[in-house]
Every structure is written in structure tokens, then in C-alpha cells.
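So this first bit is one chain, no partners, the form predicted alone, shown in C-alpha cells.
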Amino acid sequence: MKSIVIHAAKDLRIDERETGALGPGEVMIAIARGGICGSDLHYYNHGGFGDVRIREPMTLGHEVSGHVIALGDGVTGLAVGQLVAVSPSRPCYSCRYCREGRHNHCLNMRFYGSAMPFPHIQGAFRETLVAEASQCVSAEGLTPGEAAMGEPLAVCLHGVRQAGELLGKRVLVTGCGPIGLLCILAARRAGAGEIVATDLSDFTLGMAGAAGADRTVNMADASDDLAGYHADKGHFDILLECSGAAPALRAAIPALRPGGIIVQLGLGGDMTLPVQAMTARELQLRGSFRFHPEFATGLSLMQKGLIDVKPLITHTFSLNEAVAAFEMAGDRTQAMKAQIAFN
């Protein structure tokens, strides 16, 4: 089968790889759509991120959906031909963190397309995938493209949970890529009273407004910044930081009211924090890493029409156009979510 494999920065190839045998409790899936994520782009553009480096060829991808083509022994609740979204989260369910219900921190996590461990965990950008039945969530009523958005939506639902109560709160979202826009949708669904979004691109900010932001601010324009929110020790209760960029975080701090909560979702590498200002305002910094139970919840929200991800899918490429897809996915002047059609 064909797989999209990263060998080094800017060295992306379509390689032939083995499908793998179907075992008990597993499902064989013909992958239909795969969304290109920020971490995929880090591997493509830089060969990794932070201390994480590609040390062997690795199949990329963890935002996928597809149709069931075979069921292993003992699998129930799924049927051949069914469209499913596949969660890339594969915890062991037996380590100390799994037993505490913190599956996203599993000590033996096998998350698709990750170079964190070695040997690397191979990803899901392949024509045929063998997955555990427990990873598969029915995507009935959705398109394959929508179903493949289940993973990034789960990331944002987890981030919003980390923020705590949002009902009536004033929320600032920094960074309007796919995660930022999905956070806007998730925060609105959680009852946020006001949402302001910042970025450096008119294209992404236009999409943020369409997604439900009450106001958008282009931080590249010196005349249009957050200074208006600095009065009386700040305005916002919650910051959902989705850019992973230190300047975005620094610019947001003066706009947060005392006791405000910062949820860091963006992963752009280590950042120097304005600790003095954060301490003086008694701000809380909360990390947000991956997800687990939120995956099925996100699919349900989409199926019920409570969250619409279709406008975020701006480009779809064929498998043979993988390099062009990755190049487009990183262009925030015209692309939001680029997906690959595998069949």
C-alpha cells in the first residue's frame, strides 16, 4: 500500500509499506481523508520540533477517517462499509496515569505519527490502516472530510475543559489556524459571552469572524492592537493561546484581568514567560496536551449539527499530490485545513 513518509525536512515521499495483519479486536480501514496538522508541518518543514527529531523514516498523519473493510475476531458494534473516524490516541489503559483516568499522559502511549519515542510511532497517512476497534467512532451522517476533523476538534474540546467554566466569560483566542478556529467554536458552544481573536493574517481573521468571533484584531497592524483592553487591570477572563508564539502570549497578558486563566494549546517550542506580570495579576497558566474522551464527544457534536467544521476545510488534494498539499497547508494567506483524499 502507499504511505506518506517523511525521511527528513522537506523530504516527503510516497513509499510502499506493508498493510499489517488483522488481529482479534482490530479493524481494517480503507483511509478516505487525512488532515494535515501543525505537527505534521513541523516534521515536514523542520524535521521535528523542540527536542523531537526524525531519526528514521516515519509515516505521518493522525487526523483520519475511512471505511471499514474487514473486522477482526470479537469486534462488535462496527460493520463493513461503515464510515468511522479513527482516534490516534492509543493508551495502554494499565499504567498509573491510565488508572487515574489521565489517558492522554499514558506512559506507553502509541500516538500515530509521533517521533517522540524511538522507534517512532508510524502514522495513519496510508491507504489501508489496521486499528483497534476501540479507536473507531461511527461518523454516520458526516462526510469523510468532516470525520477527519474529529482529532483537532478533540484537542480544542480538551483545551476548553482545561479553562474551566466558560459560561458568560470573556475569552481571548490568540492564533487563528485550525486549532484557534476550533477553539472559537468550542468556546461558543461552552457558553462564552465574548470572544476576541488575534492573528497576523487577514485571511485567518476573516475565517475567525465567520466562525463566531465577536471581534478580530490583526496584530501586524500597529494601530489595531489589544491596548483598548488594558484598562482597569484587563478585560478577559480566559486566554486560549493557540499560536505557540511568545509575542502573542506577551501581548495578551496586559489584556487579562486579575485571576485570569491562560490555557496553552499552541506548541511552537519553549517560550520565555512574562512571569513578573503574570505574578502581579495572579494569572494561572494551564497546559493542554492532546485529549482522550473528547474524541467521541466531538464526533457527536458534529453529528448533531452543534459544531460545523466544513468551512474550515479549504483544500483537498489527491494522495499523489502530497507534497503540494503540505506546501499549501502551511500557507496561512489562503489555506486553513488542507486534507488528502486517499480514495
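Residue indices: 1-based, along the sequence shown. All figures in this text were calculated on a predicted structure; none of them were measured in a lab.
Although not depicted, the form predicted in complex with a further copy of the same chain is the subject of the following passage.
Enquirer: Within a 4.5 Å heavy atom cut-off, is residue 314 in contact with a further copy of the same chain in the predicted complex?
Expert: Contact with a further copy of the same chain, no.
Enquirer: Does residue 28 reach a further copy of the same chain in the predicted complex if we count a contact as any heavy atom within 4.5 Å?
Expert: Output for residue 28 is no: heavy atoms all beyond 4.5 Å of a further copy of the same chain.
Enquirer: Contact with a further copy of the same chain in the predicted complex for residue 56, defined as at least one heavy atom pair within 4.5 Å: yes or no?
Expert: No, residue 56 sits far enough from a further copy of the same chain in the predicted complex that none of its heavy atoms falls within 4.5 Å.
Enquirer: Whether residue 285 contacts a further copy of the same chain in the predicted complex should be assessed with a 4.5 Å heavy atom distance threshold; does it?
Expert: Residue 285 belongs to the contact set for a further copy of the same chain.
Enquirer: Under a 4.5 angstroms heavy atom criterion, identify the one residue in 238, 160, 207, 139 near a further copy of the same chain in the predicted complex.
Expert: Contact residue from the list: 160.
Enquirer: State the residue from 247, 193, 254, 72 whose non-hydrogen atoms include one within 4.5 Å of a further copy of the same chain in the predicted complex.
Expert: By the 4.5 Å criterion, the partner-contacting residue is 193.
Enquirer: If contact means a heavy atom within 4.5 Å, which one of 33-41, 61-69, 314-322, 285-293 is the stretch that engages a further copy of the same chain in the predicted complex?
Expert: It is 285-293 that comes within 4.5 Å of the partner.
Enquirer: Can you confirm whether 47, 110 and 333, the three residues that make up this candidate site, all sit within 4.5 Å of a further copy of the same chain in the predicted complex, judged by heavy atoms?
Expert: No, because 47, 110 and 333 lack any heavy atom that approaches a further copy of the same chain to within 4.5 Å in the predicted complex.
Enquirer: Mind listing which residues of 96-130 have a heavy atom within 4.5 Å of a further copy of the same chain in the predicted complex?
Expert: Those in contact are 96, 97, 98, 99, 100, 101, 102, 103, 104, 105, 106, 107.
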